[in-house]
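We begin with a single chain expressed as structure tokens, specifically the form predicted on its own.
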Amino acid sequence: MKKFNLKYHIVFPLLGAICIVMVGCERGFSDDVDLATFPNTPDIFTDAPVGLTDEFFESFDPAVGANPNGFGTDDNEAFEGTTSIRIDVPTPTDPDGGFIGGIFRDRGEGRDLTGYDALTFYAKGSTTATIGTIGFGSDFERDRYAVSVNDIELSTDWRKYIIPIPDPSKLVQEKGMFLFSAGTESTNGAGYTFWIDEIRFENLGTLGQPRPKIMGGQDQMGQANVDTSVPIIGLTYTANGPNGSDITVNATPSYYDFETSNPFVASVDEFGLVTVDGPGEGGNNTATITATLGGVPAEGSLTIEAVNIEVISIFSDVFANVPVDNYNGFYEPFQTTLGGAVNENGNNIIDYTMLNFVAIEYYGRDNSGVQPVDITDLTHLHIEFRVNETVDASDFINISLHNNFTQPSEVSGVFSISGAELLSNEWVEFDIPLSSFAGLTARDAVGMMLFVTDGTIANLSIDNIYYYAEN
């Protein structure tokens, strides 16, 4: 299912910067100053859209496969009143796009949602399908306080769904009222219909036990060069719902307050970007990043060690990636592999299904301008695999590298990973010496890596693909 990857790309003016212009922060604001306020309208859709744009539904970009058709209202179905939103999810082979999704945007200057603790709505499906993503906080301009829930299961009867707001005090001017994205993975490629009604923000007062997390709730460790940056990932917020069950949402970094244990090594900004500023002092070259959300300590941390290593990253959240043509250079008619880069609980991964073979290309396919990489002075390929099915000893993943596409290209020998080295539904890391890829007279223009399983492994996730020089 296509998952919408929320980007954090708008930097709001800092209050401190405003104070500098206004003579100094010591004086504060006069009691006579009226700060701007915004309407606190809770309703988004009842029998009609409330305060939304004239277009009502703004689709994701068709260039990435979004189908702009299939969205409308239905006067024959409603949880309450007379009308609901009807969404017809296309098949993967639909020429207009293989998934449907988009946003509802407030038509004014935004809304003050500080008095609410949840987004709620009712939904039902024509079948028991799964909606890939639903949330709020994205308006295609600023996604600072975006929140989403993945894999919402539909019933064929109307049900109420609740999406907690991690910290309502942040939402003083929000335009992104609603977001959804849906495909057909849960229905094996069969199109279906679902309806949504009574979308609104509410103050339920029954959400409890807040449990924020960063780094997936784990104490993670990593290495990075001075003057490079690493994003905090795996940010989630869990609250106990009115019926006693937990509800977990993905949250953007601006909901959190981050702190570094060693500012001589690393700093962290409000968008969760950790920058390695120096090698440290007194032999201490590590810094641990922690966070709180609404005053509640977040589970998990990131400990960064400042190092001096050479890395060329193809796909990773830890290092800056080089440009890539694609993560699935589809070759008809022989290739069956579907998938590519997706966002999984705040972590960017590559997810493949129906895998027989697949290529990641970065050589300038179709005159894209992407350049191959020179790994002559590097020593290893790091890569992580998660097999999303039962692993048998006879299963395998064969990896080969391709060098120099502008002349007769060279193909390396195969490095084979057996099923005995892999785990079912768990990540396994490999650090492969580049000398294992025999057959290349040079490694100065590597532009493709090819993965072959011949169907022995059909469902595979890959992460953290980079070349590096061992110290």
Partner chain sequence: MNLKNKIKSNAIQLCATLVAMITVGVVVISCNPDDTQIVANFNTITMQDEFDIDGAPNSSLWTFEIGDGTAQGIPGWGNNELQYYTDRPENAVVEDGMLKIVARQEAFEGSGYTSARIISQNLFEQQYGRFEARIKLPWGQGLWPAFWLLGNDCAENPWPNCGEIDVMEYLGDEPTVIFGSVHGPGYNAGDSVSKKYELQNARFDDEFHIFGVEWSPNRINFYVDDELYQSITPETIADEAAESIDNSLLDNAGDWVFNRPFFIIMNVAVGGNLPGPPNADTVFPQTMYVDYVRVYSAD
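Keep in mind the model is a prediction, meaning the values are calculated, not measured. Numbering follows the first chain given and starts at 1.
Another form exists, predicted together with its partner chain; not displayed. Remarks below refer to it.
Asker: Using the partner position in the predicted complex, report whether T353 sits within 4.5 Å of its partner chain, counting heavy atoms only.
Answerer: No - in the predicted complex, heavy atoms of T353 and its partner chain never come within 4.5 Å of each other.
Asker: Counting only non-hydrogen atoms and a 4.5 angstroms cut-off, does T82 reach its partner chain in the predicted complex?
Answerer: Taking the distances in the predicted complex, the answer for T82 is no, it never comes within 4.5 Å of its partner chain.
Asker: Is N240 near its partner chain? Define near as a heavy atom within 4.5 Å, in the predicted complex.
Answerer: Yes, contact at 4.5 Å.
Asker: Would N203 count as touching its partner chain in the predicted complex under a 4.5 Å heavy atom rule?
Answerer: Output for N203 is yes: heavy atoms within 4.5 Å of its partner chain.
Asker: Counting non-hydrogen atoms within 4.5 angstroms of its partner chain in the predicted complex, say which of Q209, N284, T128, N225 makes the cut.
Answerer: The option sitting close enough to the partner is Q209.
Asker: So which of D75, D96, D246, D366 reaches within 4.5 angstroms of its partner chain in the predicted complex, heavy atom to heavy atom?
Answerer: Flagged contact: D246.
Asker: Which of 209 to 217, 182 to 190, 140 to 148, 367 to 375 has heavy atoms within 4.5 Å of its partner chain in the predicted complex?
Answerer: This holds for exactly one stretch, 209 to 217.
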